[in-house]
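Only one chain is given next, in structure tokens, and it is the form predicted alone.
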Amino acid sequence: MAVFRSAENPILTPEDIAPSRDDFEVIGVFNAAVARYRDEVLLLMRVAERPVQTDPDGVVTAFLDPAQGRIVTTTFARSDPDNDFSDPRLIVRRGRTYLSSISHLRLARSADGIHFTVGRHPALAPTESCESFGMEDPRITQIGQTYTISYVAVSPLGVTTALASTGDFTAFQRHGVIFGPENKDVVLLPEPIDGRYYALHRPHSPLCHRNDMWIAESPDLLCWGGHRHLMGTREGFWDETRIGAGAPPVRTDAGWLEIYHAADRHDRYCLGAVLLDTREPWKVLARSAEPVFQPQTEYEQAGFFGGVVFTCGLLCENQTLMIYYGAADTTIGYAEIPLADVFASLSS
């Protein structure tokens, strides 16, 4: 597989992002959606931040308090045996889970797709009760003249997926939750088929321990039904424990090409490809036996959560996949893969 990583990688780091408030620090910028708008490449990035840590025995985190309508902070003592910090992304206390950071969505603009100017303020920030732990992992799908944004909303109520849209990346309209808990990794096909829209999604089943990809349909992008199981994990493969859609699918002559992410039993996240039928996208035509992109560099192997490459957005131009990806849940990298190489990796 011929993978070209930009010599500028990582192209965006926490140091490039101003915190949303003076008493916060940015600990990660990653998992960005991408779109071409006029003469620019735009990234809608997940920015993870937390209160500046000053107590050596305490971890201070923040969340939106819907009752007060503002972000508040709370401290968890490291010396308290009821507090579990084993996963750097989480704090678990007496069966309740909190996030160690809170995320919002920030916009960045570039003329060349590599060097970005980052907005000073969030483009979309938590305001609803279902977003009290943050907004994560956006995907942008252009449908007609509208850019439709699916994103993960996290709260004590669970992990849901909500929808927003924009025509100019200045004003955004929210449309609310479209997939209830526990569901994420929702990507939309960029055009309807016989008057129906389609979305890939990833429900989680705690009873059967399933983290598979499903497909649903809708007449209006808001009400979803017709759910079908699309594909599952594969024991002994690189995608053996959980899978989920990455960037929105790309239409090719052979079908819908979806670059998806998956994790193995060691929580190593890689990217692979699956080809779906053009007219019946619930039919899998071919799938990667091996990853098309995997963590190899130092900035992909080490970070807030190491051993991770994860994409929410790509461009397909000049027979090349131009992939923007989160590296180790810390930074954003850029890579190119020839489309022909991706197709060569597929097997039925």
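What you see is a predicted model, and the numbers here were worked out from it, not measured in a lab. Residue numbers here begin at 1 and follow the sequence given.
Not pictured, yet referred to below: the form predicted in complex with a small molecule.
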Exercise. Looking at Y269, F179, F133, Y198, which is the one with a non-hydrogen atom within 4.5 Å of the small molecule in the model of the complex?
Worked result: Y269
Exercise. If you check A48, A62, V308, I323 against the small molecule in the model of the complex, which one has a heavy atom within 4.5 Å?
Worked result: V308
Exercise. Using a 4.5 Å heavy atom cut-off, are R106, T141 and R174 all in contact with the small molecule in the model of the complex?
Worked result: no
Exercise. Might E258 be said to contact the small molecule in the model of the complex, defining contact as any heavy atom within 4.5 Å?
Worked result: no
Exercise. If you check in the model of the complex, is R89 within 4.5 Å of the small molecule, heavy atoms only?
Worked result: yes
Seminar exercise, completed: Exactly one listed stretch (52-60, 280-288, 35-43, 300-308) reaches within 4.5 angstroms of the small molecule in the model of the complex by non-hydrogen atoms, and it is 300-308
